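Consider the single chain below, provided in structure tokens and representing the form predicted on its own.
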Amino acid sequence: MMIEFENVSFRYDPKTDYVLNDITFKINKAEFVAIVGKNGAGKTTLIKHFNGLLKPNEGIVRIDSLDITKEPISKMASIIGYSFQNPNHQLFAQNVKKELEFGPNNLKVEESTRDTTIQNLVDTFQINHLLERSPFELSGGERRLVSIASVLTMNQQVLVLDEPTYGQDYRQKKRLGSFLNKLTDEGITVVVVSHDMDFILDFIPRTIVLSGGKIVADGETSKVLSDQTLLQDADLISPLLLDLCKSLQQIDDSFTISINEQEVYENILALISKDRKISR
């Protein structure tokens, strides 16, 4: 399902400045896209336009042929799954099991289909031991996994996740990234807002950079996140791999900066070999 923003501008109050300024982009069906920017850049405001939680003051937002300004939020919610930045704004049920069942029950999904979907998600995120616990007794990372899983139970065509890796360890992030890639292989469109540049670099092919409510970059993730000037201007933290390259370049100014793991590995081997020759 395609998402299209055409000259979208938005402000929360007529007396305040625009939070989004003339935003135009397209996200195609089954794309996996990251939206990044420093705090206050407009990321969360932007993605709240996807399902009609916010509507533009100017411009058009389309989900395929649907103009979100003319559709009820309830209809958009059946198409677009949205996981909030703060899980506490989303979770409410007595226990995790009921939390996961709520969405499918509300959509009147057949019980056997609901249970199969939920069990698959429970296995994927390894949260079986949490099913009888209250969501509000869980750690921050566990709550975030449950909030994401509760959205995924409804099998919507677009999935929007706001800071999904916050509080997750490396294995949980890897499991999540692989699962989201699998969803895009199945035709689901996935959009992630995140400050986690390493997660984005590892899993997400395309990155859109927001700064001051405007799009300042949109392209292949490896190219966007290797642009040191762009990262500095947008006040973004560079991926650890890029930081490693810059540190090695200080040791030897001929060291080539890259954020391709294989290239960095080969360049390190070449640097070690060069150092050994000089030592001899």
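Just count from 1 along the sequence shown to find any residue number. Bear in mind the structure is a predicted one, so any value in this text is a computation, not a measurement.
Quick note: we don't show the form predicted together with a small molecule, though the next part is all about it.
Enquirer: Taking heavy atoms only, is Lys38 within 4.5 angstroms of the small molecule in the predicted complex?
Expert: Yes - in the predicted complex, heavy atoms of Lys38 and the small molecule come within 4.5 Å of each other.
Enquirer: With the cut-off set at 4.5 Å between non-hydrogen atoms, does Tyr265 touch the small molecule in the predicted complex?
Expert: Taking the distances in the predicted complex, the answer for Tyr265 is no, it never comes within 4.5 Å of the small molecule.
Enquirer: Can any non-hydrogen atom of Gly42 be found within 4.5 angstroms of the small molecule in the predicted complex?
Expert: Looking in the predicted complex, residue contacts with the small molecule include Gly42, since a heavy atom lies within 4.5 Å.
Enquirer: For His195, is any heavy atom within 4.5 Å of the small molecule in the predicted complex, or not?
Expert: Close contact exists here: in the predicted complex, His195 approaches the small molecule to within 4.5 Å, heavy atoms only.
Enquirer: For the interface check, one of 217-225, 22-30, 243-251, 43-51 should have non-hydrogen atoms within 4.5 Å of the small molecule in the predicted complex; which one?
Expert: Selected range: 43-51.
Enquirer: Considering non-hydrogen atoms and a 4.5 Å limit, which listed residue (Asn155, Thr184, Gln85, Gln90) is close to the small molecule in the predicted complex?
Expert: None of the others qualify; the residue that does is Gln85.
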